[in-house]
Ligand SMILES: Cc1cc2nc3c(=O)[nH]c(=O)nc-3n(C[C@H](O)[C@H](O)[C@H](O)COP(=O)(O)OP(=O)(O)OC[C@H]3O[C@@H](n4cnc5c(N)ncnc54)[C@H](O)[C@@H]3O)c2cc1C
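Shown here is one chain on its own, the form predicted alone, set out as structure tokens.
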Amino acid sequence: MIVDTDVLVIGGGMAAAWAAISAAREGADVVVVDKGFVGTSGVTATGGPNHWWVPPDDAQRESAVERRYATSCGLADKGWMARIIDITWQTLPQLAGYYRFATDSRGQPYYPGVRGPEYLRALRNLALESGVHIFDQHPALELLVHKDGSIAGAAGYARLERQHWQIRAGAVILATGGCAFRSGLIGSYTNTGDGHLMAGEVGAEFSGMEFNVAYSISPAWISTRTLPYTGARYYDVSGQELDIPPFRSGTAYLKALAKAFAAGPVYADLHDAPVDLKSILRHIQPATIAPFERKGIKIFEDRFEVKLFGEGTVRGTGGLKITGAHCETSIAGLYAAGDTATRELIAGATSGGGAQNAAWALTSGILSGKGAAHLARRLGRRSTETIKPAGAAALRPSGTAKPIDMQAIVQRVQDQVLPLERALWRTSKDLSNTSVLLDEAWREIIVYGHAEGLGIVAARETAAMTSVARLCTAAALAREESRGIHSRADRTDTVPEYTSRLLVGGLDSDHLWTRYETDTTMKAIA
């Protein structure tokens, strides 16, 4: 299959859908390709997203921005935060004809909280009615580039037709989500960092990759959503209550739980959950209730064993560096939205939390769609120009191809990035050792990796997870302090001179590089 279009969107979650709708509203011909089914892909479909929602009152909005900025460890941008609030407020109600919003106590539509499955179904329907062409089960494998290095489209493999495809486009938006390293996090199996890999191979810069330490508490047998745990009490196997800081204390909460898990099983008691939550949880997050009912456990009455599931850059903050007001990246013709892009602009060194992150997915989709459409209109599709494929890892081995144990590499990546003791108590020694092991895995893929048919998709997913792990490790090693969700056991202080975003790149070369965004910080560490 060979297609020409104005804007190509890669991804199938809420950011991808909003990007496609936005570009189509600007008059662009838009194609969406997703490795799954647009409307069920990613972590949104299993949840109940709440959006950062502040009325258009100057005082209220200024206050909301200041409160959030105060928690960002100095790395957020107040201008971006204000834009996110405003665009979310203007945009979400536009879905009213496609989504049945709940009502508040006054009988008015309640816009910020939505049910994930119905929300994504509404976005798919709106995209189709806007003229967007959707290709489900069409994973993208690599980007295509012009001679001048700008992005010309993408190529991939259709799962059901078992054939390669190529789409040329005037602009490309990556909305492939973050990377949870196949931790078992609900809805994240396809979040393997594919967009990070493709962008890295064309030389893109990333920002905030050290802020990837995020975990969600769930029943020990399956990952669910974390909403019920805001008022949880925790107990050890003897029934002794554990001294666990509040959920919102972030790293302190995770460290206390991690120490408890190291000593033995941990059990949650949700008796103290808000009364209102007990009555509405089934309605807003049905996927959270079902696993308990299948085991005959009453979630708000019985104690049950819990576990932490790694969320990587899904709830962590790092991603492609944003260089312009329409979510441009450092590569001409390439845009990023949702968890594929860094959320430092609104969350700084923290995760941001669900409401802020959902607002970011919506708004970055709207902005990137508009920017990509305008670029495509200005430069055209450039369909007659010479292009070349940019993918290397597991596609075009630099040596003689031979079989590689991809599952073993996935396990190696997981062993380095997911264990709590490694992530929450980082040290230079451990990070350096991790870097060596990940570089060895990366070289194995680069030199020998090759696959055929559907195996290509799996091989690229392995390469993508390895590449994201390398970026996160390099950034964590370079930031020699503790800040936000980046916690170093050997650098416990927050250093004022390091109040700057940290960039990392070099996936397209032999060695990764890191540098701070501001010259003053670079001089401070020189």
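Quick caveat: nothing in here was measured; it's all calculated off a predicted structure. A residue's number is simply how far along the shown sequence it sits, counting from 1.
The form predicted in complex with this ligand is left out here; the points below concern that form.
Asks: Place this ligand on this chain by superposition, using its pose in the predicted bound form; is the pocket open, or blocked by 3 or more ligand atoms lying within 2.4 Å of backbone or C-beta atoms?
Replies: Here the site is blocked.
Asks: Of the listed stretches (134 to 142, 291 to 299, 266 to 274, 375 to 383), which one has a non-hydrogen atom within 4.5 Å of this ligand in the predicted bound form?
Replies: That would be 134 to 142.
Asks: At 4.5 Å between heavy atoms, is C327 in contact with this ligand in the predicted bound form?
Replies: The answer is no: C327 has no heavy atom within 4.5 Å of this ligand.
Asks: Whether R315 contacts this ligand in the predicted bound form should be assessed with a 4.5 Å heavy atom distance threshold; does it?
Replies: Yes, R315 lies within 4.5 Å of this ligand in the predicted bound form.
Asks: Might A20 be said to contact this ligand in the predicted bound form, defining contact as any heavy atom within 4.5 Å?
Replies: Outside the cut-off, so no.
Asks: Taking heavy atoms and a 4.5 Å cut-off, does N50 contact this ligand in the predicted bound form?
Replies: Close contact exists here: in the predicted bound form, N50 approaches this ligand to within 4.5 Å, heavy atoms only.
Asks: Within 4.5 Å of this ligand in the predicted bound form, counting any non-hydrogen atom, which residues from 30 to 57 show up?
Replies: Residues within 4.5 Å: V33, D34, K35, G36, S41, G42, V43, T44, G48, P49, N50.
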